[in-house]
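In structure tokens, one chain follows: the form predicted alone.
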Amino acid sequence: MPGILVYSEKHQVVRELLGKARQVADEKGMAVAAVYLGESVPEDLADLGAWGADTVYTVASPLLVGLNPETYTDALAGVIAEVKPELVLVGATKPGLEISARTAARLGAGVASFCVDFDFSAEGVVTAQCMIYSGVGINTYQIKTQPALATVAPAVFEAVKRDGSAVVTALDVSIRQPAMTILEYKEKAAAGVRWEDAPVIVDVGMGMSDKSHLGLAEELASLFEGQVACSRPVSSERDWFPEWLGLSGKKIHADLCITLGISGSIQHVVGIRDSKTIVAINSDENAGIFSQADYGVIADLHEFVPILVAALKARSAKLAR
């Protein structure tokens, strides 16, 4: 039976959870398993062995459609009752948060939300470190129930590729007809290439005065083959992007993050602080982003970015000769 069981409806999040689970399990001599829930079972699930899973448990049912929280809770709780893991990691996506909360209540299990690290004590009790107060602090919890549950936001842990193939095992668990019927699905507009995968991000904040100036950010990003991202207010208040970086949004591990007009609120910094190098451009010398940046430029971004772009282009042309 696995010591750690991971679940998410997002394939990349499953790989990230497996990466950390494998690391801890190897230290403790435990096995790691993943769960796949769906209407049918893909043929390539054994490949999760290359990401750290010893076993992949599957549950297939015509009731497992549309991420209905009632049926997915039945399925996940059924798998947990069958395989009896010590810890269950669930991706903290919107469906994952609802399914994990329902599952914990169903099983009477303790759950730690937005976990950023975990371990097992000498007595086998799960300890989970979780962000609090919008990321300015860390609380450490002991979860004494078995199983313990913890939710983990995307990109908190790193996926680690290795050799191996997982054993795929089908389980038959009871899934009830849901009381709730989902009437309609609407596709959410996507930002294109995943920001989490981009080596360079140009991060736009409220200091950019007009949407027509986004071309500055796009031109700068294109020089690095990067992506343009934004803070939450730029997305939610101005509607320039469908997604945002930050505590409640995407989190990146870019090689280089260039912020344009970002104030530096902790809620936003949580989304970019794992970048290797942060360069901040802001006209406010007291902006909080400068305390988080490796390099800072006190300047009006609308004046400085064209100069920077021209200099980078000139340097590229010189190197090409």
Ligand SMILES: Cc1cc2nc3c(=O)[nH]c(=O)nc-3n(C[C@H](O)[C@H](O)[C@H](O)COP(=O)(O)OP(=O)(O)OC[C@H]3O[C@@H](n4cnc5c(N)ncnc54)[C@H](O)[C@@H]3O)c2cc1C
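A residue's number is simply how far along the shown sequence it sits, counting from 1. We call the rigid core the largest set of C-alpha positions that still match within 1.5 Å between the two forms. All of these numbers come straight from a predicted model, not from anything done at the bench.
Absent from the display: the form predicted together with the named molecule. The rest refers to it.
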Between 143, 92, 220, 247, only one gets a heavy atom within 4.5 angstroms of the named molecule in the predicted bound form; which residue is that?
247
Partner-contacting position among 226, 147, 205, 96 - heavy atom within 4.5 Å of the named molecule in the predicted bound form
205
Just one stretch in 176 to 184, 102 to 110, 68 to 76, 237 to 245 has heavy atoms within 4.5 Å of the named molecule in the predicted bound form, so which one is it?
237 to 245
In the predicted bound form, residue 283 touching the named molecule (heavy atom, 4.5 Å):
yes
Is there any non-hydrogen atom of residue 30 lying within 4.5 Å of the named molecule in the predicted bound form?
no
Residue 262, heavy atom within 4.5 angstroms of the named molecule in the predicted bound form
yes
Could you confirm whether residue 312 comes within 4.5 Å of the named molecule in the predicted bound form, counting heavy atoms only?
no
Scan 277 to 303 and note down the residues that get a heavy atom within 4.5 Å of the named molecule in the predicted bound form; none is a fine answer too.
281, 282, 283, 284, 287, 299, 300, 301, 302
At a 2 Å cut-off on C-alpha positions, does residue 13 qualify as shifted between the shown form and the other one after fitting the rigid core?
no
Using a rigid core superposition, assess whether residue 36 undergoes a CA shift of 2 Å or more between the shown form and the other one.
no
Please state whether residue 27 has a C-alpha shift of 2 Å or more between the shown form and the other one, with the rigid core used for the fit.
no
